[in-house]
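Before any questions on how it binds or moves, here is one chain, the form predicted on its own, in structure tokens.
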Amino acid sequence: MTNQPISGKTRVCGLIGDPITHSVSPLMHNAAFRKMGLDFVYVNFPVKRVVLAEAIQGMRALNIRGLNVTIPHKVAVMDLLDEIDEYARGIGAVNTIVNDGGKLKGYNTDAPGFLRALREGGVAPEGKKIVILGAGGAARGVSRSLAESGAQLVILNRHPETAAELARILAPAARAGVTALPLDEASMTGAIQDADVLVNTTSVGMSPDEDMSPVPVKLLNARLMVFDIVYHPAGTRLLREARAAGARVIGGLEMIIWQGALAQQYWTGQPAPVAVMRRAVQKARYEK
């Protein structure tokens, strides 16, 4: 609930993906809309792969102002939009859509949101060796922002050919180099032993599989900064074990907050109140 009246002029924004029942996006966006005094409301729209095209047509038909896009639609949705922002096109994934009078334009706020969260966490990626687990839609944004910042990247994925394709796409922007490897223990061992930052962009450890981690605990060490973009639960097994090993950690909620603030600015044309969004998310966590 937004605690403000819904009127005939209320603009609708929301989230599409599958699954999304765990999403904190409605909490933080509606809190921000209230703070800003805007006649907007944000809701979740569970959308399976087979009906993605119909959902995007529905956005147009119902004049929904904006959508966030999450797993598994960030890549597939691009073919359904009228225009793609050049930065998002370079990444190859869209997580934010703006409806401007029936014209749908896609953006990527995952990349700048991740980078802002990393810097706020005390890590400047320039010159760092950063290991990225996964090569899907989220990894595209994360790796692009890091490559352009001058980090040396190692991308590991269960399907090595997908990691290799992402490395090929990143190569022109990767000033410090990019390597693709299979996501197995042998490759992780070699990659992580001298890494500065480890980023998990896979869904391993996401509720209800909270007892899983993509990284054997023996590979974690105190020199690492571990960033897990999974945010449900907020304290994933990977983060718990990394902290126990002495590593610094950043949870996925920070990325969600920053990418959400940037998305909201696209929809409203106004800077979003980040502190309000963070408090809404934190309050929800503590009330559970």
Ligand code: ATR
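Just so you know, these numbers come straight off a predicted model, no measurement behind them. Don't overthink the numbering: it's just position in the shown sequence, from 1.
Below: the form predicted together with the ligand, not depicted.
Of the candidates 121, 112, 136, 92, 136 is the one whose heavy atoms come within 4.5 Å of the ligand in the model of the complex; the others do not.
Out of the listed residues 203, 187, 179, 149, 203 is the one that sits within 4.5 Å of the ligand in the model of the complex by at least one heavy atom.
Note on the interface: of 100-108, 159-167, 75-83, 190-198, the segment with non-hydrogen atoms within 4.5 angstroms of the ligand in the model of the complex is 159-167. Although the partner is absent here, residue 215 is not a contact residue: none of its heavy atoms lies within 4.5 angstroms of the ligand in the model of the complex. The ligand in the model of the complex is not approached by residue 153, whose heavy atoms all lie more than 4.5 angstroms from it. For the chain shown alone, residue 117 is not a contact residue for the ligand in the model of the complex, no non-hydrogen atom being within 4.5 angstroms. Residue contact with the ligand in the model of the complex: residue 174 places no heavy atom within 4.5 Å of it.
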